[in-house]
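Shown next as structure tokens: one chain only, the form predicted alone.
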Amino acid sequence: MIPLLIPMEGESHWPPGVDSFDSRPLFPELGPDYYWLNNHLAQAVIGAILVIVFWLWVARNQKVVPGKKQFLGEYLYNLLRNSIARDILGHDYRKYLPYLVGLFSFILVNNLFGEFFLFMFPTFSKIGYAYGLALCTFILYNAAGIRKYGFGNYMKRMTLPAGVPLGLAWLIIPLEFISNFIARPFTLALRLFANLFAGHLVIMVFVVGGGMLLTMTEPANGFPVPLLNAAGAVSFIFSFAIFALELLVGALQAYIFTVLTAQYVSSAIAEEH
């Protein structure tokens, strides 16, 4: 992995921006056709492996009186099962619980990569990965609805709610179609992406800018060196508070994405809308 804040040849530290989120090819010598094999793809794969290993680890050697490992696994599992799957999906929750557990775990791990020193980059601050997860959710809730009601009846239920006068169908059908089949996946992805992108960009500004100020050896814009160095130190200290906030945001966004996924599935298989 090439750390995000280490510039490549010809690049500069400042100012951080969209270019700071560019992926680094793992094998640049192979040419542009293999640039998709990059550090952020490797992060996503590592995240998936960590999720699988974690749940296999906590599921082994289950005991009547749980130890710390089993307690951790059961706590997370029960949190997702009771507060999301069962409360939102009702008696059908068991069908979708594995996906919801895997979804939450995968998002959380990849969000925490933004605070982990080997990566220092949240995977979902790349919009393509957020769209990929939103597409999986889009396929899931539509497949669930079609399986239960059939394609034609499902489309009718999702575009023309019960009780709507036929005279308003020309207005309601396009609005419901946009809401359920276009806006849902886009807003689901953008919410996750925007929070991770903005948070990491703020961290970069404080860390990189603080590093520049802390290492200044000459006055700049009339400010003496001691004042610049002091501002750099304050910036570094404040960045720890932002890191803590990002930990909270990463966990919260994983929870919100999972809750919305469960709600979309619930709306697709509900008896009435």
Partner chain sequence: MSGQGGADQGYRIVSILISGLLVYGGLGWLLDRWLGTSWFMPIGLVLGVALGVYLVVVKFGRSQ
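All values reported here derive from a predicted model rather than from experimental measurement. Positions refer to the first chain, counted from 1.
Although not depicted, the form predicted in complex with the partner chain is the subject of the following passage.
S.K.: Check each of C136, V164, A143, L72 and return the one that places a heavy atom within 4.5 angstroms of the partner chain in the predicted complex.
M.R.: Result of the distance check: V164.
S.K.: Pick from L108, I172, I127, L97: which residue has any heavy atom within 4.5 angstroms of the partner chain in the predicted complex?
M.R.: By the 4.5 Å heavy-atom cutoff, the listed residue in contact is I172.
S.K.: Look at the stretches 86-94, 117-125, 148-156, 198-206 and give the one with heavy atoms within 4.5 Å of the partner chain in the predicted complex.
M.R.: Within 4.5 Å of the partner lies stretch 86-94.
S.K.: Tell me, yes or no, whether A194 is in contact with the partner chain in the predicted complex, where a contact means a heavy atom of each within 4.5 Å.
M.R.: Taking the distances in the predicted complex, the answer for A194 is no, it never comes within 4.5 Å of the partner chain.
S.K.: Going by a heavy atom distance of 4.5 Å, is Y255 a contact of the partner chain in the predicted complex?
M.R.: Taking the distances in the predicted complex, the answer for Y255 is yes, it comes within 4.5 Å of the partner chain.
S.K.: Using heavy atoms and a 4.5 Å limit, would one call L168 a contact residue for the partner chain in the predicted complex?
M.R.: Yes - in the predicted complex, heavy atoms of L168 and the partner chain come within 4.5 Å of each other.
S.K.: Answer yes if any heavy atom of L190 is within 4.5 Å of a heavy atom of the partner chain in the predicted complex; otherwise answer no.
M.R.: Close contact is absent here: in the predicted complex, L190 is far from the partner chain, nothing within 4.5 Å, heavy atoms only.
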